[in-house]
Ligand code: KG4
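Next up: just one chain, as structure tokens, the form predicted on its own.
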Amino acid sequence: MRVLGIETSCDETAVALVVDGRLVAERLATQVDVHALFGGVVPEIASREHLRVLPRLYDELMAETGLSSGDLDAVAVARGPGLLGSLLVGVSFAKGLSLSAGVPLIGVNHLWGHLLAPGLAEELLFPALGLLVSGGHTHTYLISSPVEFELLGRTLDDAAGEAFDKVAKLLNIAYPGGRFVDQLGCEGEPDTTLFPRPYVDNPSLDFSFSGLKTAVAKFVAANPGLVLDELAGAAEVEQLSGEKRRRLADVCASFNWSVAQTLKIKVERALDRTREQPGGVRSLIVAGGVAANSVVRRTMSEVASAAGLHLTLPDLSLCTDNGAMIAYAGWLLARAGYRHDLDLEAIPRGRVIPADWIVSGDKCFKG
């Protein structure tokens, strides 16, 4: 079964082809350089860039594989959550392909796509506890199958990835700065008393990183010498040296520690609750952009080991938004007999994505 995947949720435009559960080809265009000028993603610019590059990426993918739209068995597209204008570009393109090729259309929950992506490299063991850590979301799920996700904890305000980028911005590091915070933090020693572990002194499984971001902002304001004189990208961060680099490294290490420990506390709490389920869980799946963070990966490895669970982490290339995860999730859904009609809606961030698939001609509302 050949499934094309289309991803346009935020500032990456991506297409990919999965055949019988295996990634065959993919194309991706990032808008990082465009949005870096503004310190974050500008929605109008993002949607226009998707509109500009998506047809070209599709043509390149088809040329590489030697296929045409008529050779596809299904078209999968990220329907949300994300920026509405960006999502509409991908959904509209997918509907056109589905209609012209006469193949099923499958809307994919972008967040579920992230958590299923590691299945491209290894078998996913269900039931699993899923931790999604990205720029817009920090969620935990009980995952019973590729189509059964129970939300356990969610982002209340700033997600972990958003906090990383905002801390980088406070230090005058260019967007997206989370990777530089990780890079510098690996050179430093964390002060475990410097920043709080936010929103953990309660029984909730939800996440809130706004307090941690505020704590860092206050610390930087009290220590203005930490702020870089000019906006720093990869080259400028690499050239940092001496006492300033050491101090920045320690601050970044402390921030990394606070985020990772917060995730650890919430994941362990979620594992305790899922153990009450018959059979418990077999694995811990960690996905999303922040799943590329070295401290988070190491900490989640420790959590899984202590709990006797198999840890599933995506390759670094699958942590950020990509077409492969949408194509693979679409393949899993298509294999199970799920699809959508052409009335498929794009769902922006902040709205619940309905599991409104059609199965054998009947609407199947699972959430």
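Throughout, we count residues from 1 along the sequence that is shown. Everything quoted here is computed from the prediction, not taken from an experiment.
Heads up, the form predicted together with the named molecule isn't pictured, but that's what we're talking about next.
A.B. asks: Ok, Ser98, Thr262, Thr140, Ser134: which has a heavy atom sitting within 4.5 Å of the named molecule in the predicted bound form?
C.D. replies: After the contact test, the surviving option is Ser134.
A.B. asks: Identify, from the list Arg179, Lys169, Arg197, Arg269, the residue with a heavy atom within 4.5 Å of the named molecule in the predicted bound form.
C.D. replies: Of the listed residues, the single hit is Arg179.
A.B. asks: Since only the chain is shown here, I'm wondering whether Ala232 would be in contact with the named molecule in the predicted bound form (any heavy atom pair within 4.5 Å).
C.D. replies: Flag for Ala232 set to no.
A.B. asks: Check Thr312 for me: does it contact the named molecule in the predicted bound form (non-hydrogen atoms, 4.5 angstroms)?
C.D. replies: Output for Thr312 is no: heavy atoms all beyond 4.5 Å of the named molecule.
A.B. asks: Applying a 4.5 Å heavy atom distance criterion, does Ala292 contact the named molecule in the predicted bound form?
C.D. replies: So Ala292 counts as contacting the named molecule.
A.B. asks: Hey, in the predicted bound form, is Asp165 touching the named molecule, heavy atoms inside 4.5 Å?
C.D. replies: Although the named molecule is absent here, Asp165 would touch it in the predicted bound form, with heavy atoms inside 4.5 Å.
A.B. asks: Tell me the stretch among 101 to 109, 147 to 155, 216 to 224, 170 to 178 that has any heavy atom within 4.5 angstroms of the named molecule in the predicted bound form.
C.D. replies: Correct option: 170 to 178.
A.B. asks: Enumerate the residues of 318 to 336 that have a non-hydrogen atom within 4.5 Å of the named molecule in the predicted bound form, in sequence order, or give none.
C.D. replies: In sequence order, Cys319, Thr320, Asp321 come within 4.5 Å of the partner.
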